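Quick setup: one chain, the form predicted alone, written in structure tokens, and binding and motion questions come after.
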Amino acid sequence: MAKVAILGFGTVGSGVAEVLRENAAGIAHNAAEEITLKYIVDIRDFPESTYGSAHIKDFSVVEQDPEVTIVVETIGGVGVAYNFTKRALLAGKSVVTSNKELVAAHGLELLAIAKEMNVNYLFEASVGGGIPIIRPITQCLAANELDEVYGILNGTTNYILTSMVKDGAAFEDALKEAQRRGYAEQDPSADIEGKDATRKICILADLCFGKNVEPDGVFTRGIGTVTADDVEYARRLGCKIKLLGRAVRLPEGRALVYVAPHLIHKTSLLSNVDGVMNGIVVRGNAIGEAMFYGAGAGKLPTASAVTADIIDAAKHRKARKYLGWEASEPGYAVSPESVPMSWYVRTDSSLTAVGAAFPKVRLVSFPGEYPGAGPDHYAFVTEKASLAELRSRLDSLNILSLFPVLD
């Protein structure tokens, strides 16, 4: 029998407890042993909880209990969660988490401790919520040389952009509706500014390419500057705007890693991933492109992925799973500033100025047809070039929007 402790009894933690109870028979069959919940650690009181006898407030009880072999960390953040995770691993317990911030920031260290202690640190739910992606990358696609991974990694921003595209909503109105529906936090900055997607693409890049990418060094642009004008121009160019996290293996051994709004063509696999859904595309030299689609967050979808890791940890108590990556050298992760790609540009500079800077591009304009579109209001897509190469020409224009284009 495997005994489990859950750290943090919020949305995900309570969902894990629910799945362990409701699906106990199937979980036991898949794990080849019964898995029971022994402790729930949370400093808050839950007087009406059905798990009252399991609630404790002192993590050291878990740390010192030899019966507990698997710890589930759903606290979030990198403070207490980091401290408890490290202590649990050093105590010889496997740890399962949905905490993308912790995995992105300290995964290299925590995986090394897990290896040293011959236990597992598993984090399927840290990227994509209920979408299976970590296990497919490390197992199902293990025979591939993975060259690229990109996708819609944040349901909140995808819901907002979908509302702007389909309903014509302004950014502020779409955000308020997302908050009303519970898709966005009262402080949505981690989502809106792209930080959440950055943590996730770092984890995916770590796994796909085998070297550590620090989130703090990743080029990150959120959706706060996307306007209704951009949405309409994108439509006229046969595209949609989506916030993507992207990681590409470069020929010289470095990796392009960044997060930004993108123009993507309506024929793209990701074009119809709308609402709060997530979609992740992996490209390998044997499989080509494979796309993973589903609910990127939510209580039970995330709890489903966490519980699958609990089963995996129980099955591998005597045979540690290989999962990890190496430290990277300075300059390993690069930004789109130095890598050739096409760019969407919106400007209110004069037609003469635009023509002088970019004489060969096809201009899209609709003066007077759309709110905010002035007489000298244009959008175009540049030839493929790095921002560094385009900088002097772009500097001659008054740029209103500048997004990468997914080729």
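The structure presented is a predicted model; accordingly, all values stated were derived computationally and were not measured. One-based numbering along the sequence shown. Whichever C-alpha set is largest while still superposing within 1.5 Å between the two forms counts as the rigid core.
Not pictured, yet referred to below: the form predicted together with ligand HSE.
- Not displayed here, ligand HSE is kept clear of T307 by more than 4.5 Å at the level of heavy atoms in the predicted complex.
- The closest heavy atom approach of E185 to ligand HSE in the predicted complex falls within 4.5 Å.
- Among residues of the shown chain, S94 is not one whose heavy atoms approach ligand HSE to within 4.5 Å in the predicted complex.
- At a distance threshold of 4.5 angstroms between non-hydrogen atoms, R246 is out of contact with ligand HSE in the predicted complex.
- Across the options 188-196, 103-111, 161-169, 325-333, residues that bring heavy atoms within 4.5 Å of ligand HSE in the predicted complex belong to 188-196.
- Interface residue among T85, N120, T156, T74 relative to ligand HSE in the predicted complex, by the heavy atom within 4.5 Å criterion: T156.
- Of the listed positions (A297, V282, V273, V218), a single one reaches within 4.5 angstroms of ligand HSE by any non-hydrogen atom in the predicted complex, namely A297.
- Counting a residue when any of its non-hydrogen atoms is within 4.5 Å of ligand HSE in the predicted complex, there are no hits in 34-63.
- After superposition on the rigid core, the Cα atom of L175 is displaced by 2 Å or more between this form and the one not shown.
- In comparison with the shown form, the Cα-Cα distance of Y183 and E73 decreases by at least 3 angstroms in the predicted complex.
- In the predicted complex, the Cα atoms of D229 and Q186 sit 3 Å or more farther from each other than they do here.
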